[in-house]
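There is one chain below, alone, in structure tokens, taken in the form predicted on its own.
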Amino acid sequence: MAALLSASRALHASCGPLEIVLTAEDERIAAVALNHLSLFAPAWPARTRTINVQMLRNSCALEVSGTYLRCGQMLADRDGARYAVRTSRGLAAQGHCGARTDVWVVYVPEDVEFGEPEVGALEDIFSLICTVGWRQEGWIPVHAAAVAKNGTCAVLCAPSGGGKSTLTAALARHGWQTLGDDKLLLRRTGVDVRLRALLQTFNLDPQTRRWFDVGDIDGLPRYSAFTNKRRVAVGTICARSPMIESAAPTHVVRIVRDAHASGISASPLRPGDVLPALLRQIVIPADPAAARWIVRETGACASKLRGIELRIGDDAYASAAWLGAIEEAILCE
């Protein structure tokens, strides 16, 4: 990485339909940014938007109140095509969206050292930069997993730590294909609804080894600064169930962890619960225009999907028969 950074100040990364061009004064900042952007590596038909990001070792006293977004340790404002961002760690950013090109400047004060909180703050900024770009291209980022088999594609919904990755890995080992276990892009084009993959790894907690052979998971890179999950190559989990790039969703599966339950049980979701289950996996900004667009488009997508609730006990993966019951519930719904 050091040699690459020394050779050129202009660095490139691809994130779905986005081409990210980085210009950095500081190799450490660039390395952190590229490490985060390297998550988004699946093939994409074409790059339709360029995002130029200049990263400066400089302070920027932006007044940001969070009128667009309040997310964790970050606040963002929007004024038309312009964005202002501030984090609790002193990092800030300004951006402007054009017809096909966005321009951002990211400010990192000179006295900021990159421990985990600062790495997390920079990851948050780049997540916002990418999210704005994806939405400009008509895609809705969804914090969910997806699996596909025999013409069925199920979107697996749960809060962080709620079991999406473990269930995705289990189903992949059971012969399902996957679009990923954490981030997807959703889009409606006319009457068609499509999901596309963004990540090429599973993001698994080391405790997953109680169910699956995940090799030396403790020695693998962490998914982000805010989690102990590790980036695990899909082939490590399921050599015969490769990732796929795109699918038409047919189901929404709401995962409920239940420490008092034994195994796994499935029941239908009421039609009115499908959209809320999907919206809980989407960051919806406070900005009214952006929020309306997201809810309208997601609602149109959800109207075509069936819903299932899975209640998963702590011993859920102790028996292959329980996993077979999940497959039957989804494929026969």
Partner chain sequence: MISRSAAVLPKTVTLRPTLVATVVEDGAVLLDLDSKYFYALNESAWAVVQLFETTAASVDAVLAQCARWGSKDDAAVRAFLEQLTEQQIVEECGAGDPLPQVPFNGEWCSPVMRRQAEPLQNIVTSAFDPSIPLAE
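Owing to the predicted nature of the structure, the values given are computational and were not obtained by experimental measurement. Positions refer to the first chain, counted from 1.
FYI, the form predicted in complex with the partner chain isn't displayed, but the following is about it.
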Stretch in contact, per heavy atom within 4.5 angstroms of the partner chain in the predicted bound form, of 276-284, 42-50, 27-35, 57-65: 276-284
Listed residue (96, 209, 143, 194) with a non-hydrogen atom within 4.5 angstroms of the partner chain in the predicted bound form: 143
Of 157, 91, 172, 198, the one that lies within 4.5 Å of the partner chain in the predicted bound form (heavy atoms): 198
Residues 73, 128 and 295 all lining the partner chain in the predicted bound form, heavy atom within 4.5 Å: yes
In the predicted bound form, residue 124 touching the partner chain (heavy atom, 4.5 Å): yes
Contact label in the predicted bound form: residue 299 to the partner chain, heavy atom within 4.5 Å: yes
Exercise: residue 135 in contact with the partner chain in the predicted bound form, heavy atom 4.5 Å: yes
Partner contact for residue 230 in the predicted bound form: the partner chain, 4.5 angstroms, heavy atom: no
